[in-house]
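Given as structure tokens, the chain that follows is alone and in the form predicted alone.
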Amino acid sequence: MGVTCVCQLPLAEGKSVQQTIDILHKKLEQLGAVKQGSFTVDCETYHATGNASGQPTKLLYVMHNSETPLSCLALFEGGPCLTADGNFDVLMIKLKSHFQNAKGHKVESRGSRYRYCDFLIKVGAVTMSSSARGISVEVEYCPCVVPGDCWNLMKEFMQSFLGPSIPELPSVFSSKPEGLYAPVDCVDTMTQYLELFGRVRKQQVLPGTTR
């Protein structure tokens, strides 16, 4: 896996989520990008039960990515995180006396994958409780695993179809002890999705977007 940036795309003026996605698809196809199937990223939230210490309850996020169907990621709020077998959800059911699923908090991004030369682009509609909450855009530069070596190139490419909406450098890269020259891994990508999902949870339901 290469260096990956995940960002939220604002809606085009006067357009719905799906209309904005269609506009972005058209821009990518005009660039010469080729559609290559679909993708899904989702996140279930659990909260610890039986906290007798009076401390705030920590949340546990269990995330799945269709790019890695045999595994999932479990991230505690504020760390740590672990990569687990794909049926980790079954274990969480058995641990229900310790972790309760936060009903209605599942967030999902689902959409199309595009390939353009060495770039992989994924544009997804972000939904929660069957209502569209926004648009995610994931851009991966496949040949490189060091953000400091390719970020300017990625910015230039993203500007070609996102225009002024290009994101800043993801904080997950700059916060590492080695900075921009630490190799990336799948946790970096999922952490960015988790941050995006956290933002959309706080948003109001967009008008006319119930599926």
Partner chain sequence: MSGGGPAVRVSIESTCEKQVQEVSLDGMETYVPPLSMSQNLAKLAQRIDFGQGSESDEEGIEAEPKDPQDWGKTEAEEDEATVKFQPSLWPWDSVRNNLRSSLTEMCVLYDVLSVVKEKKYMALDPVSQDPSAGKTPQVFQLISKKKSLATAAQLLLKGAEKLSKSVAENQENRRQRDFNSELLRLRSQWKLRKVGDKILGDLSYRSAGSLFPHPGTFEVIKNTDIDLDKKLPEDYCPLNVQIPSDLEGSAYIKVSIQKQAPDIGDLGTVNLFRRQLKAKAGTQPWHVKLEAAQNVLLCKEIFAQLSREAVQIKSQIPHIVVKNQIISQPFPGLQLSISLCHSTGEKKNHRASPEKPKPDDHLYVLEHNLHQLMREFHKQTLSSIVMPHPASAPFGHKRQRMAGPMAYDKAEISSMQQNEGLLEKIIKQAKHIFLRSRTARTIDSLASRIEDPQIQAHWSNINDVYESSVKVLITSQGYEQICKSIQLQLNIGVEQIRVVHRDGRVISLSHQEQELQDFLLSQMSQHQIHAVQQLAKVMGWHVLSFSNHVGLGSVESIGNASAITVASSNGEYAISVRNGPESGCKVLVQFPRSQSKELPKSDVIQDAKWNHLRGPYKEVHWSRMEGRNFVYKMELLMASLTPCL
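Positions refer to the first chain, counted from 1. Computed from a predicted model, the values in this text were never measured in an experiment.
Another form exists, predicted together with the partner chain; not displayed. Remarks below refer to it.
From the list S165, T68, S174, T57, which entry has a heavy atom within 4.5 Å of the partner chain in the model of the complex? Selected option: T68.
Mind telling me which stretch in 24-32, 60-68, 148-156, 41-49 gets its heavy atoms within 4.5 Å of the partner chain in the model of the complex? Residues of 60-68 come within 4.5 Å of the partner.
Are any of the heavy atoms in D85 no more than 4.5 Å from a heavy atom of the partner chain in the model of the complex? Heavy-atom contact with the partner chain at 4.5 Å: present for D85.
Although the partner chain is absent from this view, report whether L169 comes within 4.5 Å of it in the model of the complex, heavy atoms only. L169: no contact with the partner chain in the model of the complex.
Using 4.5 Å between non-hydrogen atoms, is C186 touching the partner chain in the model of the complex? Flag for C186 set to yes.
Contact set, 1-35 vs the partner chain in the model of the complex - heavy atom within 4.5 angstroms: Only a single residue, M1, comes within 4.5 Å of the partner.
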